[in-house]
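Heads up, the chain below is alone and in the form predicted on its own; it's given as structure tokens.
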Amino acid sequence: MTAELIHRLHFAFTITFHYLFPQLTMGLALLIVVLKSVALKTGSEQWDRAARFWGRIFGINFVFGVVTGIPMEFEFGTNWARFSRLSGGVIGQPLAMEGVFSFFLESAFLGLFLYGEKRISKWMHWFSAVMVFVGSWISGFFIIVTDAWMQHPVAYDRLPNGQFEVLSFWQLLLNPWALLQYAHNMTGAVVTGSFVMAAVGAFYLLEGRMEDYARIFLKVGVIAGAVASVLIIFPTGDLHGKYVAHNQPAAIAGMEGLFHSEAGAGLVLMGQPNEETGQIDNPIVVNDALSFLIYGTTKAEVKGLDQIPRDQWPTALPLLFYAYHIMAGLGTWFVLLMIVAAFLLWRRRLYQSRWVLWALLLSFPLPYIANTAGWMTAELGRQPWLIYGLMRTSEGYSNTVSASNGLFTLLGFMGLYALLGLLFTVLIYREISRGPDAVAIPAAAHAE
């Protein structure tokens, strides 16, 4: 195992584990605002308690997200020193701004939301929830901007010493790739938050307890989940996919297992990519569909891997193919399940339909898998480039850090994160077991 591979595995592991937490906090941030808004408008104490309950879940996720996110900042220097030295003039600015919004804006108002309710008015408590939402979503935007520049570099110049510098910060922020990726990513976060909220509601109903709160969780989770599940396919996923096809043809060919250019290319629903034979084994294909999805016509030619130099193919082609199809397949399941649940909710039959409640409960891990597969698709599709078309991954890692040292720290992170994962599971289970009533604050305690 080379040092480059170890460094890639090291960062892949830490960022995959880390993103289990922000995707839920960003999704819940919006749903908490919905709960607080209804509570403020109706004066319902149950909706208020529901918001406090999910605020506690948010807080636990936020803490674990911070703890697992900080090491990645250091990994830019320890594992990817050459990349950081050359690109720091570009990526350093959005990363620094993410830290400001995350640690100052989001955390300050989260503290006010969780611990200041007795000292502030109802309107101010609602405003603190809104600012937590704004802070978390702006924080996510700056991370996306950083990654999008690596995917689609814009507004830069290269100095004689090889370093990159920003020509226009506004062009960096308004990178079309960043805007499309941000919309798709944040919709995915809402899917995660919606499924988790609906799953907790289904859990309570199936256990026959806290039924009033369960109905609130299911109503908000299913409605938000149905909308987000549709939006993540169209328009956000559709537009982002078309942009990838035009700017990273090797990525889209690898995602679809398209070894040969085709006019009227088919969409592979299932199969196994075979790099040795240059074809898909046991394929299930929808004829002409890929050409139509990318170009709007069934006769358009889609560029295959045969038109791309072999050393520019995605370096983990089978993994890219499977990650993309897992993401797309689960996205289809989300739409089907949430549309059925929304229909039953409209017909006032959802709370009695135990088979749908079980489906919602058992599906709560699937958005985590889909979001992880989506990020794997984006990052594996960019390979072998660290900065697309400008710097290969082999040119950016810390070549003075040996493979054995990298492996040692990777094993250490795996052990430590296993303990963190166990602690997180215990804390979340305890909060769900206690339920919303355990975190209630009498209405009279609000400052007027």
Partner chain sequence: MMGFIWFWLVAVMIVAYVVLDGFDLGVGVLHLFLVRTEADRRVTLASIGPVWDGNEVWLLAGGGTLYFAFPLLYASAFSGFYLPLMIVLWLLVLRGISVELRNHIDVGVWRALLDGVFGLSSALLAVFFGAALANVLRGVPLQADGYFFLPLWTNWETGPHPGILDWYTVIGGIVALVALTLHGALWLTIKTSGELADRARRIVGPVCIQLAVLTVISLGATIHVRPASLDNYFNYPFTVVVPVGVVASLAGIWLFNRNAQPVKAFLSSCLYLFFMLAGACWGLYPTLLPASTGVERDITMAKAISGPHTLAVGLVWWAFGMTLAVGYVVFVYTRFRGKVDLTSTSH
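Residue numbers count along the first chain shown, from 1. All of these numbers come straight from a predicted model, not from anything done at the bench.
The same protein also has a form predicted in complex with its partner chain, omitted here; what follows describes it.
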None of Lys219, Lys303, Arg82, Lys242 but one has a heavy atom within 4.5 Å of its partner chain in the predicted complex; the exception is Arg82
Checking Trp385, Phe62, Trp54, Trp47 against its partner chain in the predicted complex, the residue with a non-hydrogen atom inside 4.5 angstroms turns out to be Phe62
If we take heavy atoms and a 4.5 Å cut-off, which stretch out of 197-205, 98-106, 244-252, 349-357 is in contact with its partner chain in the predicted complex? 98-106
Whether Tyr182, Thr277 and Thr377 jointly form a contact site for its partner chain in the predicted complex is the question; each needs a heavy atom within 4.5 Å. no
Quick check on Thr297: any heavy atom within 4.5 Å of its partner chain in the predicted complex? no
Should Gln93 be classed as touching its partner chain in the predicted complex when contacts are defined as heavy atoms within 4.5 Å? yes
Using 4.5 Å between non-hydrogen atoms, is Glu165 touching its partner chain in the predicted complex? yes
Should Phe234 be counted as a contact of its partner chain in the predicted complex, where contact means heavy atoms within 4.5 Å? no
Across 376-411, which residues bring a heavy atom to within 4.5 Å of its partner chain in the predicted complex? Ser398, Thr400, Val401, Asn405, Gly406, Phe408, Thr409
